[in-house]
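In structure tokens, one chain follows: the form predicted alone.
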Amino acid sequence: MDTILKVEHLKKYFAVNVGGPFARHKASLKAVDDVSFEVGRGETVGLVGETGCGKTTVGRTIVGLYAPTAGTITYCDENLCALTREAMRKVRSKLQMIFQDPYASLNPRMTVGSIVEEPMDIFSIGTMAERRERVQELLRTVGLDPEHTNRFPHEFSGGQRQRIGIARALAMNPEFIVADEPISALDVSIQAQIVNMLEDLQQNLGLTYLFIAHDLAMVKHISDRVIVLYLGKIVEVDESKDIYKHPLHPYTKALLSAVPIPDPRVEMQRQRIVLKGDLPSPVNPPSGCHFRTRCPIAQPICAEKQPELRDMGSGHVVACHFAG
């Protein structure tokens, strides 16, 4: 596999006030805690987990919106964490992000044409006429009318706004795109259109995706491999087609049991796994295995020793003392 991105022992901690907004005591919120994985060129890797597990923080740290607390991010054999601001600026044109909220991620005071053209303006790409032509080409690529360049974001639907965000991400001909839950804010009828478009763009432009989502059914459709994240740590990684058939970690099993099955008879007969309790605070995570406080098979060793990621064969790795 030609590796385009390699993340090693990535940590991202945020300083937070403990005891209220006016408290003086500071603590570290461990949003991402020792995460390592690789992404191959042309591959789509799904990053899944419930809200608060650190998915978005991983994506934002990769593209440079957050500075990592520790660890390395290697893109095309270049350590992004060691680059100067100017050097990172050049690399960033090849690393782009599609944001979750199509309403908040577009400047309401800018026209669609200006929004899509802005990355080319920042990097001084081409003449004004060439940039305008490129904007029209990008709008056509994402299924929008190029005649709408002078309209403002509020004149478009949610699905159309997300297409505008995708066009902006494509403006610099990127190689790697972090798609941060790009369909979660859209109507169900529009979600499939956006996902199919992303697949077509990947095939036509040779893109590589890190697809962040909590919709496991959609992740199964678009991803080659799936990484399951819980409270800032990776608990399972496997090929997409296999992890849905043979999940090993109790958390993965619980997530998959919540995915609805179209056949009502099968849906009625299967047993749901309902996790007890709430997601623990990343400020003070449980000792040992972070999942043990909600795990149905937890044993005393789970509180004493943090499980390491074990290779179960064929690239299927899992962090659980009792998986197998």
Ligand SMILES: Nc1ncnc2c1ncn2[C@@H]1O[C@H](COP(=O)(O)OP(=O)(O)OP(=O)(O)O)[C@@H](O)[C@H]1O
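Numbers for residues come from their place in the sequence shown, where the first is 1. All values reported here derive from a predicted model rather than from experimental measurement.
Separately, the form predicted together with the ligand exists; it is not shown, and the next lines address it.
Peer 1: Run the contact test on G52, H214 and P282 with a 4.5 Å heavy atom cut-off to the ligand in the model of the complex and return yes or no.
Peer 2: Looking in the model of the complex, the three residues G52, H214 and P282 all sit within 4.5 Å of the ligand (heavy atoms).
Peer 1: Classify E175 as contacting or not contacting the ligand in the model of the complex by the rule of any non-hydrogen atom within 4.5 angstroms, answering yes or no.
Peer 2: Answer no; every heavy atom of E175 is more than 4.5 Å from the ligand in the model of the complex.
Peer 1: Considering non-hydrogen atoms and a 4.5 Å limit, does the ligand approach A31 in the model of the complex?
Peer 2: Because a heavy atom of A31 falls inside 4.5 Å of the ligand in the model of the complex, the answer is yes.
Peer 1: May I ask you to state whether T44 is within 4.5 Å of the ligand in the model of the complex, using heavy atom distances?
Peer 2: No, no contact at 4.5 Å.
Peer 1: Answer with yes or no whether E117 is in contact with the ligand in the model of the complex, where contact means some heavy atom within 4.5 Å.
Peer 2: Contact with the ligand, no.
Peer 1: Considering only 173-196, what residues come within 4.5 Å of the ligand in the model of the complex, judged by heavy atoms?
Peer 2: Sequence-ordered list has one entry, E181.
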